[in-house]
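Only one chain is included here, represented as structure tokens and corresponding to the form predicted on its own.
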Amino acid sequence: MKMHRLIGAAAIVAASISLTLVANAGTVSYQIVDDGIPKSLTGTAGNAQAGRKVAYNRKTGNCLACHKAPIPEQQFHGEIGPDLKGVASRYSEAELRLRIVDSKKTNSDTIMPAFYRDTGFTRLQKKWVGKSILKAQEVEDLLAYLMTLK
């Protein structure tokens, strides 16, 4: 009986620690309108050059793991996702922002990760609890780069 109470208390403490981490994650709120997020997460435009680096950096966006992109100096482009060449001709800025933030909002079957979500995951490594893959500025930078791909 005492062991059961200890396990229950440990679970409550673990849950409250997890909630604290999520509350301190630092993601900003956003509003989805139709099929997109029309307003910048940072209130400012992104930097396309910085966004290009986010796209090919294997530790941040890592877009090349799944997508081909007009980044010829990088090897090993993926073929699972659609080619990013011309993506700004196919989607609006708001639609692309939503796809970066949480692509499951537009396609529940996608395997593309939510790059700007910090809650609602299962089987998450401890180092990612309460954190998003990209920061708000990285989302805006990546979006600025993708908007150059007409």
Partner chain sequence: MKMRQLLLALTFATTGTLAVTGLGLGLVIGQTTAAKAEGIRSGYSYATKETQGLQDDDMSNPGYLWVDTGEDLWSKAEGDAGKSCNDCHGDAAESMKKAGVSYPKYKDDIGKLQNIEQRINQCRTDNMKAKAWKWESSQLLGMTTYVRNQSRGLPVSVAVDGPAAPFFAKGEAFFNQRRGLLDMACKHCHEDNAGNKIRANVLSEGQINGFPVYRLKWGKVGSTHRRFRGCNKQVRAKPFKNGSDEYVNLELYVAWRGRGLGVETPAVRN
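Residue numbers count along the first chain shown, from 1. Just so you know, these numbers come straight off a predicted model, no measurement behind them.
Quick note: we don't show the form predicted together with the partner chain, though the next part is all about it.
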| item | value |
| --- | --- |
| Answer range among 42-50, 28-36, 108-116, 86-94 for contact with the partner chain, defined in the model of the complex as heavy atoms within 4.5 Å | 108-116 |
| The partner chain contact in the model of the complex: residue 136, any heavy atom under 4.5 Å | no |
| Sequence-ordered list of residues in 77-104 near the partner chain in the model of the complex, where near means a heavy atom within 4.5 Å | 77, 78, 79, 80, 104 |
